[in-house]
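Only one chain comes next, encoded as structure tokens, the form predicted on its own.
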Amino acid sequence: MADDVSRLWLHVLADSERTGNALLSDLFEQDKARVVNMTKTLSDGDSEIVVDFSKQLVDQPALKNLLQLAKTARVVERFVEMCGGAKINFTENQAALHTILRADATTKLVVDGHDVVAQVHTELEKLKRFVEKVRQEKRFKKVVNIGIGGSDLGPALIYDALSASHRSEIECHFVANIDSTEINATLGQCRPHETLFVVCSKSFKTAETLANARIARQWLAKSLGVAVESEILAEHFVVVSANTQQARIAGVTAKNEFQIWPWVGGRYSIASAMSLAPIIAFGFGAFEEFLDGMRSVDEQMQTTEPEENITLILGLIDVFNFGTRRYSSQAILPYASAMRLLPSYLQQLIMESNGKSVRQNGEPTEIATSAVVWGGVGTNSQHAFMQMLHQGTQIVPVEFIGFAQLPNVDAESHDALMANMFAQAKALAFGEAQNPESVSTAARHRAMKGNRPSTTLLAKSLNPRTLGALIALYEHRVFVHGVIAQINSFDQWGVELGKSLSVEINKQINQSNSAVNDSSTKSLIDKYRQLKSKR
């Protein structure tokens, strides 16, 4: 099979080079059914998402080769194996079972002697009881989520995305940075008696989270006039972790603790108790709808015919765009202010998962593994970086995301918003016709050649189910690229190195001898000490 995959990969590379010299205007002219053939719908009742990838520099022969590559590499079969508990995170000897977090309660899956679906639903019931109790008591007016990475980006995205459509008497704040300016600013907006802290950390060894939890406990103890060790503080703290014992060792005592599991990566934990803060804000029912949307995409990824499997196809287009090294970065542009945090969320999901350079066999990768992901909210981005996307020397594929209906918006303004999104996609693809006889300098500066690829995702509305479906869609695209590149998308050793080095350097900052460091780091530590001591 390896030989067959290698042979097909040569075809994909050839297609990439061939279509790289094509014009989108010609592709549309040559294939009158292009839009119909390259528009697919991810449909599940009200959570319909229309995906138009006709403005990508890909044609039917290239798409056929990509689908054949996926078939030969057993992408869908590998996905089914992952959902079935295979330990595909081989460097940590772990399964990657984030899909089980939204599995139906009637499902049964035994991993290492435990029915993991039953474990998840037991925790969900516990979570539901706690959330309903907090919302009914109305004691807490503020929830402060303390976490970083997947323990922050996911819950913050849900809260932002659903705040417009779901009114809440409880306001959420999110603290991630170890820079204490952030948590101090948040605490300045809180009343101690009315504040609940949700401390999220899979390992409960994350330096940023431990530091912010310590500051929160000290602030609360001082404000309430009790000792830091007081059991009164436990009423104001909730812990979400795979290692709750470590939380207690770290000095975070909480009356309520919720579990995640080692087989859930932090960047895939959005469907777990890590999202407790927005669940409290909007109610458990909204979270169930969110899980339903994710489950629907999980199921469609496994059961839809490849030619109609839009999740698989988008993952293959990612391979075509970024795996072949034809492009190096990707811009995510949601045309909805409520989705402003999506680019940051996807940065971690995509780059932490697939930012690898070693294949499963230990050899260097032959396929580029991850784009540099960035972006911003439309139409703000049009007044920031869209100039470069239209006329810059780098070609950056763009992902436009829009919604036909948004709550609490002015209808006229919303039409203008969507018109801008459609216009930007059109301008990137087709540019502006130029007079071939015009060779003036001014004309050259104004030239808009187009031929810049993009995909447009258009959903009916931004609701919990649609949000869940969108996130699952991106999760599985990451998986597709990882399988084709033959990498482990579920470890993150580069992150771990930075963490361990920071602990050692932090110790050395307060020591007189830091000679164990390289000369640059030693110099920086010395300069920091000098500047820190100056008054």
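Start at 1 with the first residue shown and count on from there. Keep in mind the model is a prediction, meaning the values are calculated, not measured.
Unshown form predicted in complex with a small molecule; subsequent notes refer to it.
S.K.: Any of the heavy atoms of Gly266 lying within 4.5 Å of the small molecule in the model of the complex?
M.R.: Contact check for Gly266: yes, within 4.5 Å of the small molecule in the model of the complex.
S.K.: Can you tell me if Glu352 lies within 4.5 angstroms of the small molecule in the model of the complex, counting non-hydrogen atoms only?
M.R.: Output for Glu352 is yes: heavy atoms within 4.5 Å of the small molecule.
S.K.: May I ask you to state whether Asn488 is within 4.5 Å of the small molecule in the model of the complex, using heavy atom distances?
M.R.: Because no heavy atom of Asn488 falls inside 4.5 Å of the small molecule in the model of the complex, the answer is no.
S.K.: Using a 4.5 angstroms cut-off on non-hydrogen atoms, would Gln387 count as touching the small molecule in the model of the complex?
M.R.: No, Gln387 sits far enough from the small molecule in the model of the complex that none of its heavy atoms falls within 4.5 Å.
S.K.: Only one of these stretches, 344-352, 418-426, 155-163, 287-295, has heavy atoms within 4.5 Å of the small molecule in the model of the complex; which one is it?
M.R.: That would be 344-352.
S.K.: Decide yes or no: are Ser54, Asn321 and Thr456 jointly within 4.5 Å of the small molecule in the model of the complex, with each residue judged by its heavy atoms?
M.R.: Not a single listed residue reaches the small molecule in the model of the complex, so no.
S.K.: Find the only residue in Lys356, Lys202, Arg452, His98 having a heavy atom within 4.5 Å of the small molecule in the model of the complex.
M.R.: Of the listed residues, the single hit is Lys202.
S.K.: Select from the listed residues Gly402, Pro397, Gly378, Gly149 the one whose heavy atoms reach within 4.5 Å of the small molecule in the model of the complex.
M.R.: Checked against the cut-off, the match is Gly149.
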